[in-house]
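Okay, here we've got a single chain as structure tokens, the form predicted alone, with questions on binding and movement later.
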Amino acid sequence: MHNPIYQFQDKYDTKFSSDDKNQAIHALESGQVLLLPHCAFSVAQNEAFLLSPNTLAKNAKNVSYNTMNQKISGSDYQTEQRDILTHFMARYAKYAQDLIGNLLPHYKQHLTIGRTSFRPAEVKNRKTSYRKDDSRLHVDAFVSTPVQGLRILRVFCNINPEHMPRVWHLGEPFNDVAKRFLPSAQSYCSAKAKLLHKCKLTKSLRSAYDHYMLQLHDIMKKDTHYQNTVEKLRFEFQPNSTWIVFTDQASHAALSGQYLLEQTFYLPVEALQMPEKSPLRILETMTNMCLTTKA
């Protein structure tokens, strides 16, 4: 099995060398998870109460923070508690931005920041449909928010106060996933994409790329035999560690864990050092099509 983890022996205040930066970008663009085991986001004393499932609103999966308008969703906290939660989420967004800026400066000017997420609920044994079951190996794709070929870069941090790890499965390389499941994918229909957008079921037009990524996401999750038999690595991300990964490329699944912070960024393929390894270029080669022309 390929090695899905590239581990730094670092500390957050360490100045990353040129070699560190080159190795980090090569690992990420090759589909590996970049692990910084000693890189921690600190929870302030007045924020400790947030490390509770009570921070989540009823039926919410995550607490979400929008850096553009500083708005919180997914929590019923009000007044002072909500202000502390908002500041907590904003601090993590800056932590993730600073980390990317220090370790991956080549990306910095090209990044678009997405949502910040706090996941205080235990993910183990969560009951849901197979499409939403993140304990099954998958690559990330968004149903209502087409990315038009942009990469999905995510920064995770385990802040579990009970010293419990975040446990993942990591699967086969994206190229193998695509070879296995793309032949079973339904063909892209531009008329359907226009209808979905007109009915406001997608925030923008779904490109052929978005369509095929969603097909891969759904088909591989639905295939129980594949989930049970494909070669995979079980890995424990320890508390006070941070990891960075292109989740549209690395096949992954969340098995257990509680109290996770996550920051999403979007990056154009043109900003990559190895664009040929991106899901977009791999799928375009396999289909012999340009997949980001708008419908």
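For clarity, every value in this text was computed on a predicted model and none was experimentally measured. Numbers follow the displayed sequence, beginning with 1.
Below, we refer to the form predicted in complex with a small molecule, which is not included among the displayed structures.
J.: Going by a heavy atom distance of 4.5 Å, is D140 a contact of the small molecule in the model of the complex?
T.: Although the small molecule is absent here, D140 would touch it in the model of the complex, with heavy atoms inside 4.5 Å.
J.: Flag W168 as yes or no: does it have a non-hydrogen atom within 4.5 angstroms of any non-hydrogen atom of the small molecule in the model of the complex?
T.: The answer is yes: W168 has a heavy atom within 4.5 Å of the small molecule.
J.: Can you check whether F181 is within 4.5 Å of the small molecule in the model of the complex, heavy atom basis?
T.: Flag for F181 set to no.
J.: Check whether D176 has any heavy atom within 4.5 Å of a heavy atom of the small molecule in the model of the complex, and answer yes or no.
T.: So D176 does not count as contacting the small molecule.
J.: To test your reading of this chain, name the stretch in 131 to 139, 157 to 165, 84 to 92, 99 to 107 whose heavy atoms come within 4.5 Å of the small molecule in the model of the complex.
T.: Looking at the other structure, the answer is 131 to 139.
J.: Which residue, L56, L260, V33, L267, is the contact with the small molecule in the model of the complex, using a 4.5 Å heavy atom cutoff?
T.: Only one option qualifies, and that one is L260.
J.: Could you work out which of L50, A27, A254, C39 is the residue within 4.5 angstroms of the small molecule in the model of the complex, going by heavy atoms?
T.: Selected option: A254.
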